[in-house]
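Just the one chain here, laid out as structure tokens, in the form predicted alone.
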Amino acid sequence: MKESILKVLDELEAQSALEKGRKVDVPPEDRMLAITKDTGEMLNMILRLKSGKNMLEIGTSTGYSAIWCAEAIAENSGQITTIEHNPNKIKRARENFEKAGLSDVIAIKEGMAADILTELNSQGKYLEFFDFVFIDADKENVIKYFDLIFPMVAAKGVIITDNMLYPEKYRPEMKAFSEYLRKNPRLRTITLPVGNGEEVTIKIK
């Protein structure tokens, strides 16, 4: 891994640890709420195994997860489209992508996830386009996001959803989401106890 990428990941991990330990005062809307390092490593590894080229991320935050993914997808001349509505987080993410040398790999779409996903769907060119998706946004809308995303996922595409197990306050929404997925005959899905709990879903033909 390039030194520039490692440096940014280390900086973001340190900041996340400070925020989780309440050692810095950050407004709730600007907290990183980042994935764990082992989740980042898992995303990176799956992208490498899949030779992923077109990735969609819902919830950029300050860019930690996107950087883990971009490090792998860049080797296949791939591209990440990531969605975020918080202007402060978008600014910080862009700075982090620039420092990591990954700005040309990651494109941020600014706005509400449901609006942008609806717009992408309407364009037609994204039908079965993405081979890898990462969902890490507001949990109350996770089923809505999944339904908007699903037509844009290629056969054998992977969808990974964060926070299936932690924080515990989200468990009712995530349990309902997991049960919803298991009723869909067009996919296979499993909940893994990695990080905050990851739902790994594969779209089948």
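Position 1 is the first residue in the sequence shown; the rest follow in order. Please read all numbers here as calculations on a predicted model, not as lab measurements.
What comes next is about the form predicted together with a small molecule, which is not displayed.
> Partner absent here, but in the predicted complex, which of 29 to 37, 147 to 155, 174 to 182, 45 to 53 has residues with a heavy atom within 4.5 Å of the small molecule?
Selected range: 29 to 37.
> Considering non-hydrogen atoms and a 4.5 Å limit, which listed residue (Asn121, Asn76, Ser103, Asn86) is close to the small molecule in the predicted complex?
If I apply the 4.5 Å criterion carefully, the residue I get is Asn86.
> Does the trio Cys69, Ala93 and Phe132 actually contact the small molecule in the predicted complex, every residue with a heavy atom within 4.5 Å?
Heavy-atom distance to the small molecule in the predicted complex: none of the three under 4.5 Å.
> Examine Thr161 and determine whether its closest non-hydrogen atom to the small molecule in the predicted complex is within 4.5 angstroms.
Contact with the small molecule, no.
> Is there any non-hydrogen atom of Asp138 lying within 4.5 Å of the small molecule in the predicted complex?
Within the cut-off, so yes.
> In the predicted complex, does Met112 come within 4.5 Å of the small molecule, counting heavy atoms only?
Within the cut-off, so yes.
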